[in-house]
Structure formats: C-alpha cells, structure tokens
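Here you get one chain, nothing else, as structure tokens; it is the form predicted on its own.
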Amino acid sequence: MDNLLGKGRLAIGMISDKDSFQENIIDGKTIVEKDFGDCAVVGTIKINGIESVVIGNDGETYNPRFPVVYAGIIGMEEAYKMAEAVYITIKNDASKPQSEKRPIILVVDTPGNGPGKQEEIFGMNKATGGYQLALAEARHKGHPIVAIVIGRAVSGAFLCHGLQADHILSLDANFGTMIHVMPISSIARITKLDIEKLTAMSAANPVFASGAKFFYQLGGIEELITDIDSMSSIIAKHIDEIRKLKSNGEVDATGPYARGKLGGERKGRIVREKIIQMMNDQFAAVESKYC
C-alpha cells in the first residue's frame, strides 16, 4: 500500500485486532449520535489484546452542516465529539489503578481546523481547545496516549489532535505523510521573507521545513515507522514504554516537555535549553518584587 492519506477508518482497522472496533461506543454505551461530527471517528478497539479508546479522522466524508469541514478537517462538532470520548474514558477509568487505565490512540490525518464563520461564532476555538485540554488531563491522570500520523498533521488541528500525546509516531515520508506547524507560504507572509529564501533555509533548518523527517529531528515525534504492517506492534510497544515511565513517576519523561529535550539530543533544537535558562534567570531576578 502506497499511503493511508484520507483513509483513517482503514488505518483503524489495520492497527486493531480483528473485529474489535466498536464505533461511537465506550463501555457498551453510545457516546454521541451517529450523525454528529461526521469527520471524527471515535470508539474502542483492541491492539494486541490491549483494550483502548481510538480517536481519528475520516478523510472520505464531510459534515453537511458545516461546508468547510471535509477531508479530515477538525471542526467544532468533531472536536466536541473527540473531547467527549476522552472525558468519558477518564471518568469510567477513574477508580482503576494506573496500570489499568486504558490507552488512548490518536490516528492523525488532518489538514487543519474548520474556521468557517459559523464555527467561529458558535465556538470552534473553545471546542478544539477543550479537546486539547481533555487529552492533557488524560495524560496527567495516567492514560497512555499514543498518536500515529498516517497522513497529514497540520497546524492547529495537530496541536489539538496529536501534540498532547505521550508519544507521537509517524509513517515516514515514503507514505506521503506531511507534518508542519505552518506552511512556508504562511511563514513568508508573516516574516516578509521570500518563499525562495525560506525554501533554501528549510534544506538545512528543520524549523522551516515540513515532513516527518524534519519533525523527527526537532524531537516532535518519537519514532518513524517504515513498515506499514508494523503499526500495531509498534503502538503496543510504546504503550508499554509509557506505562513503565508513568509507574516510575517520571512525569516529564513523556509528552511535550520530553519532546523538547529530545529535540536537543537530536540537534534539531540546539538553543532551547539556553533560552529556557535565560527566561528562568530573568524571572528569578524580579521574582521577589511580585511574589
């Protein structure tokens, strides 16, 4: 198979044990109406026998109520639906020991959010922010969260659907994956630099570049996957690694902070630690005046 672009449902089927996917159902209960948030896919699966909650994008459908939500875009309804799946999982697993809290698997293939006028008025930003907060809460409460990029992971949609994971995995560039915070055309508009100059800079500086390889160098993903048939076993491996780190109380060993350190180790973020230290020093210098 050349790629999984737009094929979130197929990817869920590939990573889950046979006949284990139950859409819109967690603990035997339907969590959302069938026709709500059409571009989001949520439910439960098993991965190598591990019961998990899965949240993904369906790039082959659209939301008839919001014309700008299609091809895997995360709109207002989709974000609420995704957040609901996370919060129900947190609630239902609240009394379980950390070792038994269910993993949450994020299957990522999204070209962005759906910033239509209606969504903006009704609260799309609140919905996507709420989903991001839900994932952060689940991570801190002990749920292993693994994101796997199977296609596009772009801009604010990746921020709410992916970057709060304990570990992020990605199919490598041979499968057409695209990861970037902002396209070079947008960077050009903001910085007033020529696209040609930014394109040349991206060849040596991963901050300006798009793609899984560059994001790996920045520490943004923990592992690149070169064999599409190994997705399930690699996800299961990372679930086990995350559980061990959490059980040892290593709070900062996973998630966004850990990936920042990883970027330094891979020489993709060589000044990060210096900047953090400078900010800490400046804060310490004035702390007594305000605290």
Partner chain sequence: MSKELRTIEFEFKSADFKEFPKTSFHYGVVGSGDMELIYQHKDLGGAAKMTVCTPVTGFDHVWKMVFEKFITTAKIGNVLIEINDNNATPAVVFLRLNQALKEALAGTELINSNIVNASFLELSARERAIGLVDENTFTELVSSYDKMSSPHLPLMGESIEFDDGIITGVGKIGEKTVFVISQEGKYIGGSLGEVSGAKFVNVLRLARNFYESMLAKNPSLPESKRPAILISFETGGVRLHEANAGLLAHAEIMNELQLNRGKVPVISIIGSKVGCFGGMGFIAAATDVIIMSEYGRLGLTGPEVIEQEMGKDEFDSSDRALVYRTTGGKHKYIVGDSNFLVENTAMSFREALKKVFSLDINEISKLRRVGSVEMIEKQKKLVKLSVDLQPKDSVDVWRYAGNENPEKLIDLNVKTFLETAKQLNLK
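Positions refer to the first chain, counted from 1. None of these values were measured; they are calculated from a predicted model. Just so we're on the same page, rigid core means the largest C-alpha set that superposes within 1.5 Å between forms.
Another form exists, predicted in complex with the partner chain; not displayed. Remarks below refer to it.
Undergrad: State the residue from 125, 92, 199, 174 whose non-hydrogen atoms include one within 4.5 Å of the partner chain in the predicted bound form.
TA: Result of the distance check: 125.
Undergrad: Heavy atoms, 4.5 Å, the partner chain in the predicted bound form: which of 32-40, 223-231, 48-56, 236-244 makes the cut? Say which one.
TA: It is the stretch 32-40.
Undergrad: Although the partner isn't part of this model, could you tell me whether residue 203 comes within 4.5 Å of the partner chain in the predicted bound form, counting any heavy atom of the residue?
TA: Close contact is absent here: in the predicted bound form, residue 203 is far from the partner chain, nothing within 4.5 Å, heavy atoms only.
Undergrad: Residue 100 versus the partner chain, in the predicted bound form: is there a non-hydrogen atom within 4.5 Å?
TA: Although the partner chain is absent here, residue 100 would stay clear of it in the predicted bound form, with no heavy atoms inside 4.5 Å.
Undergrad: Is there any non-hydrogen atom of residue 252 lying within 4.5 Å of the partner chain in the predicted bound form?
TA: Contact check for residue 252: yes, within 4.5 Å of the partner chain in the predicted bound form.
Undergrad: Does the partner chain come within 4.5 Å of any heavy atom of residue 76 in the predicted bound form?
TA: Residue 76: contacts the partner chain in the predicted bound form.
Undergrad: Enumerate the residues of 56-71 that have a non-hydrogen atom within 4.5 Å of the partner chain in the predicted bound form, in sequence order, or give none.
TA: The stretch touches the partner through 65, 66, 68, 70.
Undergrad: Taking the rigid core as the superposition reference, indicate whether the CA of residue 91 shifts 2 angstroms or more between this form and the one not shown.
TA: After core superposition, the displacement of the residue 91 C-alpha between this form and the one not shown stays below 2 Å, so no.
Undergrad: Kindly check if the Cα atom of residue 198 is displaced 2 angstroms or more between this form and the one not shown relative to the superposed rigid core.
TA: The answer is yes; the displacement is at least 2 Å.
Undergrad: Taking the rigid core as the frame, does residue 250 move its C-alpha by 2 Å or more between this form and the one not shown?
TA: Comparing forms between this form and the one not shown, the residue 250 CA shifts at least 2 Å.
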